[in-house]
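Just one chain follows, in the form predicted alone, and it is written as structure tokens.
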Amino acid sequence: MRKPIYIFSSGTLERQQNTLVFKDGDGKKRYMPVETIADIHVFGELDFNKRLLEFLTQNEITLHFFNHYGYYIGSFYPREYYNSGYLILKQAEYYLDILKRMDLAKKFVYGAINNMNKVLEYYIRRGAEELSTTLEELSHISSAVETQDSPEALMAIEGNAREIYYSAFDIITDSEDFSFAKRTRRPPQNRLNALISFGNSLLYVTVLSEIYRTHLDPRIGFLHSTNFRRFSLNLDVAEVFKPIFVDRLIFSLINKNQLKAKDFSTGVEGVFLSESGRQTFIEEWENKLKTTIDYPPLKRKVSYRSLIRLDLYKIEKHLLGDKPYEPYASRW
């Protein structure tokens, strides 16, 4: 089975026959058999040539870039092998028809709020009963989703829901080193916000890599507008999975002391994970994606990563009129 590759050092990535070779600044080489690679995530400075991009295209490998602070900045999205003209037309049809677009966009928001509820219910069962108030507030705002008549209004509702949900983070983590206060982005102003931004970036590119292996076009989203942004469908789908993939991983890393204050750097640019902190986060991120759970519709276990692909297949069926899309709902 193919797996992601992460490159933290600066150096050169090149093709040597049918293998990828990364050479760091000290001349140390890392050989990577191309048939084992799903995608590549680059955090350091990277030199490469067109021959490498051609080789990645031939082997259907996406290349994702992050800046010095761990922000996602872009991807090399190879020529698609699984694209379908008919499905692209259906995606465009659903985007241009406001009723069809809103139907799908609402499902992403419902899916996101439902999985936020599951996270809160988990911690209420573990004794954080004060979160019941937050749960009630989320339930109230969820009831407003159906009455929204524009993607902009729906995005505002989704933003309000997430702000209510974020207010529970200090109760769940109960850590002075990771106090939340409020959501801050670009740059994050404290450690917990840095973790949320980094985790969300990883989820966005993970969903994008999974979209590459379906017939869907990542440029046409429904909740997030398809305008001058290159990719938007991955942002839609990520909303459903943020609470159970990113947020729960963050709570685990903090509550098990796997990340501490020393794993962050602070400057005028904001607060960011250090390289060692990013490596710890990514190691646990990959462990989580490989974890398998029961999936009743298929009557077998599937990995967390597979849950994303299965939701994408459900969106394909929705667009083709086979079966209405129902976003993944965590059962715990």
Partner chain sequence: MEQQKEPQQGNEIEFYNEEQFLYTGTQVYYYVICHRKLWLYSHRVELEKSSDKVALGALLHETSYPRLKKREMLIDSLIKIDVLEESGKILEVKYSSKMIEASRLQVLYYLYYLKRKGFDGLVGELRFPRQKRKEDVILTEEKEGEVKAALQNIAQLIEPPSPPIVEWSGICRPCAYAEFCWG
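Residue numbers count along the first chain shown, from 1. The model shown is predicted, which means the values in this text are computed figures rather than measured ones.
Missing here is the form predicted together with its partner chain; even so, the following discussion is about that form.
Its partner chain in the model of the complex: within 4.5 Å of a heavy atom of each of Leu298, Tyr313 and Lys317? Every residue of the spot touches its partner chain in the model of the complex.
Position in contact with its partner chain when the complex is considered in the model of the complex, options Ser225, Asn160, Thr133, Asn83, heavy atoms within 4.5 Å: Here the answer is residue option Asn83.
Counting only non-hydrogen atoms, choose the one of 276 to 284, 260 to 268, 65 to 73, 290 to 298 that falls within 4.5 Å of its partner chain in the model of the complex. Comparing against its partner chain in the model of the complex, the contact stretch is 290 to 298.
Indicate whether His215 is a 4.5 Å heavy atom neighbour of its partner chain in the model of the complex. It does: once its partner chain is placed as it appears in the model of the complex, His215 has a heavy atom within 4.5 Å of it.
Although its partner chain is absent from this view, report whether Pro324 comes within 4.5 Å of it in the model of the complex, heavy atoms only. No.
Enumerate the residues of 53 to 72 that have a non-hydrogen atom within 4.5 Å of its partner chain in the model of the complex, in sequence order, or give none. The stretch does not touch the partner at all.
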